[in-house]
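Here we start with a single chain on its own, the form predicted alone, put down as structure tokens.
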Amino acid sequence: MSSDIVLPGQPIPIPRGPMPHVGNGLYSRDGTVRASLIGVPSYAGSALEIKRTRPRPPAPDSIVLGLVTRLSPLQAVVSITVVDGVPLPAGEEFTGVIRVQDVRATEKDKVKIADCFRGGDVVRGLVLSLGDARSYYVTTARNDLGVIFATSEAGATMEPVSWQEMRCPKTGKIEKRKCAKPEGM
């Protein structure tokens, strides 16, 4: 078996030979084995299955994805929806705060939150601590952390041009963001 993640409804390639027993997270329809969960198919004895990954709350050093919901001059509030690659169930999001001193590693005194994030941006961050009773403290002070998805004023998905700028492919207009370095670069 390969270690590729499959999505619900996606056919699972079965090696030649006898048909394996279909276990949890899979079903068979019209002679094709398909996934019913997001995950990696693996063998447990003679059964092929996908183990259900249970979401867990953020902990220090967890990588999280979240949506920027509110901005102030001192912080950006993020609705955390993915923790360590596992999506949280709808309605069970956590709140994270990116403080002005946690946006980047250098020149912390020159950071302006409005130049780094906008409402609706999707941000990859690292949980620093449990914060206060209402939220987790999150940092974007590494090259691989920051905005990973943003929509321009024209409604197009923006593309990063540097670590602090994104461009609208429709209008060519540049907007400031604290961009995450794309994976694999």
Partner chain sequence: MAQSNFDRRRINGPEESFLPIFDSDEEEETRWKPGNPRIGRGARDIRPIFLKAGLINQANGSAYIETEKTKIACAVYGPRQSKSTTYNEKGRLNVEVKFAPFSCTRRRVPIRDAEDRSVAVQIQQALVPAVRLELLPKSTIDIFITIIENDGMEGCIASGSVAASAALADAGIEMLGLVASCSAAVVGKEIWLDPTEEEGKVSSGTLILAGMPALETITSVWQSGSMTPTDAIKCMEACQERYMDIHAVAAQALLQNAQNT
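Everything quoted here is computed from the prediction, not taken from an experiment. Positions refer to the first chain, counted from 1.
One more form of this protein should be noted, the form predicted in complex with the partner chain, which is absent from this view; the next part is about it.
Listed stretches are 113 to 121, 155 to 163, 138 to 146, 26 to 34; the contact stretch with the partner chain in the predicted complex is 26 to 34, by a heavy atom cutoff of 4.5 Å. Among residues of the shown chain, T95 is one whose heavy atoms approach the partner chain to within 4.5 Å in the predicted complex. Proximity of D61 to the partner chain in the predicted complex: non-hydrogen atoms within 4.5 Å are absent; the residue sits far from the partner.
Under a 4.5 angstroms non-hydrogen atom cutoff, the partner chain in the predicted complex has G9 among its neighbouring residues. Contact annotation: L130 falls within 4.5 Å of the partner chain in the predicted complex, judged by heavy atom distances. Residues S36, L37, I38, R52, R54 are the members of 36 to 54 with a non-hydrogen atom no more than 4.5 angstroms from the partner chain in the predicted complex. Relative to what is shown, L26 and V64 are closer in the predicted complex; their C-alpha atoms differ in spacing by at least 3 Å. The distance between the CA atoms of I63 and K51 is at least 3 Å shorter in the predicted complex than in the form shown here.
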